[in-house]
Structure formats: C-alpha cells, structure tokens
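One chain follows as structure tokens, the form predicted alone.
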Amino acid sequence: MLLDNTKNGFILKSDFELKKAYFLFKIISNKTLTNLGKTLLEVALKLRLPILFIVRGTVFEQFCSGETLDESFDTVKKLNNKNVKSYLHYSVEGLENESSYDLSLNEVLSSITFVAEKSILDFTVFKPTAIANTQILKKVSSSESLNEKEKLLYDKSLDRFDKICHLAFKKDVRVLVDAEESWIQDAIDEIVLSMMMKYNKEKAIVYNTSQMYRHDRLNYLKTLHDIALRNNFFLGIKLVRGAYIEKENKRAKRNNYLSPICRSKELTDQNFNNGASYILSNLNKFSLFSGTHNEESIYKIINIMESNRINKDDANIWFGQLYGMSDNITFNLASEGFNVIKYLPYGPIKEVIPYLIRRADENTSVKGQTSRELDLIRTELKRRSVI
C-alpha cells in the first residue's frame, strides 16, 4: 500500500531522530505518563525551574519547527527538497487581551509578508481567538446584543480579520482560518464568509475550516456553495475532523442541548468523506485543503480524483498533516506527485507549551493514532537494522 512505505515516510529522519521519536510516542501512548508529565511541567514552570531545554529537546523538536520564522525556514527548505510544502503558524495560545491580539495580528501579517517573499511557501494560518475576544464571539454567535464597549472591541476584531485577508490578497498568499468551538464558530463563519466574498473573486485566497465531526457541516458546505454560485466568488475549505470533541460533548450534556458532534467515529468518518466528495464534485467553485491523518479518507480522496480524472497536482487540492506526525502520509503522497503540505508551528518555547500539551492530549485520546506511529517507526528501525 502507498502509505506503508516507511523508507519514504522517514526519509528525513536519522537513526537517532527516529529512536527519539519512538521513545516520545511511547510515552505519549501512556495516558498516566502523559498526565504526570503535564503536571510536572506546570509545577516546574510555576517554580521557574530551568526545564525549557528539556522541552526543546523532546516535544518541541518533534512538533515545532523553531522559535522564529527565520529559524523555521531551515525546516521549510528540508521539506521542500522532498516536494513537501509548508505553512507556518505562530502557535501562541490562551492569551485574552487587546495587546496580545495586536501582537498576534502583527505576527500573522509578518508571516504573510514572509511567505510572499519565499517562492517555496504558499499558505499561512491563524486562529480567530488569537485576534478576537472569545466571550464577544460567543455572544455574537448566540445573537445576543453587545454593549457599546463590546461593539467597539468586536469592530476592532473585524478590522484585524480584514487587515490579514487584505494583505493576503495583495500578496497572493492563501490564508487558512482555523476552526474553534461550536459556540463561537457561527460568528467566525460569518466573518470568514464576508472575507471570502470580498477577496475570493478570482480564486480562493481565504479558507475557512470545517470540522466534520459536527453533524451539520455537510449542510454548511452545501449552503456555502449556493451562496458562492449566487454571488460569484470562490470557496476555500480546510476539511478536518475536529479538535474539541470531549469539550463539546461535556458542554452539551451540562447545558442540556443536543451535542453538535456526530454520535460515533464511524459517522464522523462518513461525514468527512461525504464532505470531501462534495467538494471534489464542485471544484469549479471549491478549493480543498484536506487536513487529515486518516489513511482511509486519503485513499478515498485519491480514488475520487482518479475516477474523475483529476490531476494529482491540481492546484485546488492539497493534503495537509501536522509537523512531527504521519510522515508516512506526507512523504509517500509527495513522492507520487500530490500537493502535500506540513503544518509548522513556531514560537517561543514557553509560549507554545499550551499547543504542545494539546498535541500530547490529542495523541493520547485519538484511538490508534499513536500506535500507528509506533508501528511505522518500529518497522523502519527494523528495515534499517538498528533495533
């Protein structure tokens, strides 16, 4: 099978790096050890113990490309040599104040300029909650009235969105807008729709993210398509399964409403595949960024492309994976000529720790993900005769 070729999959990793990755995923696969590590890390940071060098040599090196754009570009060049593109993300999370929003805005604007100057980069990305107040997004999503101060802050957020999308349009850099929790997503969807209508007149520059573990997202894609046909603009969609399943289900149960999450993983997989199929059937209006580590879904997309005689390198179809994970998918697809891209988080080590903790949590909770990584690494180590 295409994605089982470990020689291609780990072509950039030395024996030492591969052994280190194996050790790290072995720890992450154990929920008790992962939780203990998180607790020790939080305590060490509070006590200001000098432990950041340990973080750098382990999870940071595995899941992040560097602390700055320039430092990360070394990784970009290595990936590009293997026909793999990159998109860089300033992955500082959890800050909730106007000065942090402005700082994040400047980082995103800098990343757009950086991408525009580098011929081997095409995309950049940002989280809406890095530039907009969560509580205000929640009120707007719930159709609650904003007071005068909130209106002012919301207008500032809209201005930040527009500055990012305008510069992306001006520099011809595609920008991915990450998805958030369902109770703030409606406001984000409306904002991003207005940006697509404004800046996607000639092609998809602005991409929204659709989390297909939500049972309403296929209808959302169809509604978007109708709006695009009526208003003559293009749709950029990053299709993912979703990142907040436990939080979504707990909140729905606590507040006694129907969870937006599909009732089973099988239904989520079906929803994702149906969404991909719908987009691929309407490439005259859609551009698809398939952000998935699910090999079955990737094979389905490839089969649809082959059935519809869509070129492997069609500019409207991209496959994306996270840096430090699923290299078997990334490098095997790239070796076959598909458009493949790695998500490269960067930022000061201390500031990206929330992102790293989320990565560890997701690897621990996603059934089969870490065991697949371990199996592939073990296979390659055996092939190299180093274990």
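All residue numbers are counted from 1 along the displayed sequence. As the structure is a prediction and not an experimental result, all values here were calculated from the model.
The form predicted in complex with a small molecule exists for this protein as well; it is not shown, and the discussion that follows is about that form.
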Inset, instruction - Run the contact test on Asp178, Val240 and Gly320 with a 4.5 Å heavy atom cut-off to the small molecule in the predicted complex and return yes or no. - result: yes
Legend entry - Partner-facing stretch of 133 to 141, 114 to 122, 205 to 213, 223 to 231, counted where any non-hydrogen atom is within 4.5 angstroms of the small molecule in the predicted complex: 205 to 213
Legend entry - in the predicted complex, Thr292 touching the small molecule (heavy atom, 4.5 Å): yes
Inset, instruction - Flag Thr268 as yes or no: does it have a non-hydrogen atom within 4.5 angstroms of any non-hydrogen atom of the small molecule in the predicted complex? - result: yes
Inset, instruction - Look up in the predicted complex whether Ala276 has a non-hydrogen atom within 4.5 angstroms of the small molecule, and give yes or no. - result: no
Legend entry - the small molecule contact in the predicted complex: Ile245, any heavy atom under 4.5 Å: yes
Inset, instruction - Could you spot which one of Phe161, Tyr90, Tyr199, Tyr87 gets a heavy atom to within 4.5 Å of the small molecule in the predicted complex? - result: Tyr87
Inset, instruction - Check each of Leu288, Val173, Ile191, Cys262 and return the one that places a heavy atom within 4.5 angstroms of the small molecule in the predicted complex. - result: Cys262
